[in-house]
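For reference, the chain that follows is the form predicted on its own, supplied as structure tokens.
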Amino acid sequence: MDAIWASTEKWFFKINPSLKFATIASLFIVYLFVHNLNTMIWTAVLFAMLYFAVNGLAGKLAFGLLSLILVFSALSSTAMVFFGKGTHVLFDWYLVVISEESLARGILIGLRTFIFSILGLIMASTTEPVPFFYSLMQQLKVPVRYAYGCLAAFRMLPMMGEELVHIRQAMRVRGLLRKKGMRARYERLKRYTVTMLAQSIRRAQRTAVAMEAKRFSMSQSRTFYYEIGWSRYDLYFLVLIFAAAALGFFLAFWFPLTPYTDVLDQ
């Protein structure tokens, strides 16, 4: 999983993961109640620029994830755009009715999806799993057995992917992939699921026994190999994030791009 990042030297990786998580979660709540279309447009642009400036991903992967977010954002707005209600009809064809009001509300939903996704991507692309779970235990006081359990499950994902490749290669050697038809597909799916489920149960059982032997279930405080603390980068992060959020509101007031200041009232 560590091969995902092209660089972990950027200063966003040095921020306390719990602070980063709490700040981004608070922004989710803030933008859930913003109905000014101009604010959402400017905010989307600013956070997209921030994402490209701070993420540690390879260039193609960063652009690929952003493209995927744009597709999902567009899809999330289609229901409101095509079937929403409004008085100023722009297009009417059977069940599809597009009005100015439905278009504005649909774009708002798409922008909200984009902002939530880009914030989550900033979090995911600048936070390594191990420091994140250690920070949850040390700063947010998440019980050790839950945090280490989640970390162990996260570490199993690459193993499951590798196991899936091995099963597929074994089936190809035996000629099982040459069979066509719905029944053959059902049989292949059953072989995949049964094999991986059995292996996952065995792996989970061994992990649980190992964690119990290491006394991860005890309630007393314990020491940690990694100590996650605070630094000046945390302050820089707070200033940058809240400055970007505030700038989105100010730009919407100074340079409005649409007349929709509240899409629910228009």
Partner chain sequence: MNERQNRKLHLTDILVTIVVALVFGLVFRLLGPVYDLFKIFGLQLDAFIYGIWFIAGPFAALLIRKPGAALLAETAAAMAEVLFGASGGIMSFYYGVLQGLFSELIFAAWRYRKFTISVAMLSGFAASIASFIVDLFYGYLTYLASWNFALSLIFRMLGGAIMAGALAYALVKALEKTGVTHLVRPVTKDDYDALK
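Rigid core here is just the name for the largest C-alpha set that superposes within 1.5 Å across the two forms. Positions refer to the first chain, counted from 1. The model shown is predicted, which means the values in this text are computed figures rather than measured ones.
Below, we turn to the form predicted in complex with its partner chain, even though it does not appear here.
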Fill in the blank from the handout: The one residue among Arg202, Lys60, Arg222, Arg232 placing a heavy atom within 4.5 Å of its partner chain in the model of the complex is Arg202
Exercise for the section: Flag Met80 as yes or no: does it have a non-hydrogen atom within 4.5 angstroms of any non-hydrogen atom of its partner chain in the model of the complex? Expected result: yes
Exercise for the section: Give a yes or no for Leu257: in the model of the complex, does one of its heavy atoms lie within 4.5 Å of a heavy atom belonging to its partner chain? Expected result: no
Practice task
Answer with yes or no whether Phe28 is in contact with its partner chain in the model of the complex, where contact means some heavy atom within 4.5 Å.
Solution key: yes
Handout entry: Interface membership of Met137, its partner chain in the model of the complex, 4.5 Å heavy atom rule
Key = no
Practice task
Report yes if all three of Lys10, Ala48 and Phe52 come within 4.5 Å of its partner chain in the model of the complex by some heavy atom, otherwise no.
Solution key: no
Handout entry: in the model of the complex, residues of 148-162 near its partner chain [heavy atom within 4.5 Å]
Key = Gly149, Cys150, Ala152, Ala153, Phe154, Met156, Leu157, Met160, Gly161
Exercise for the section: Note yes or no: does the Cα of Glu128 move by 2 Å or more between this form and the one not shown after the core is superposed? Expected result: no
Practice task
Please check if Ala153 moves between this form and the one not shown, taking a CA shift of 2 Å or more relative to the superposed core as movement.
Solution key: no
Problem - Ile109 C-alpha moves between this form and the one not shown by 2 Å or more, core aligned - result: no
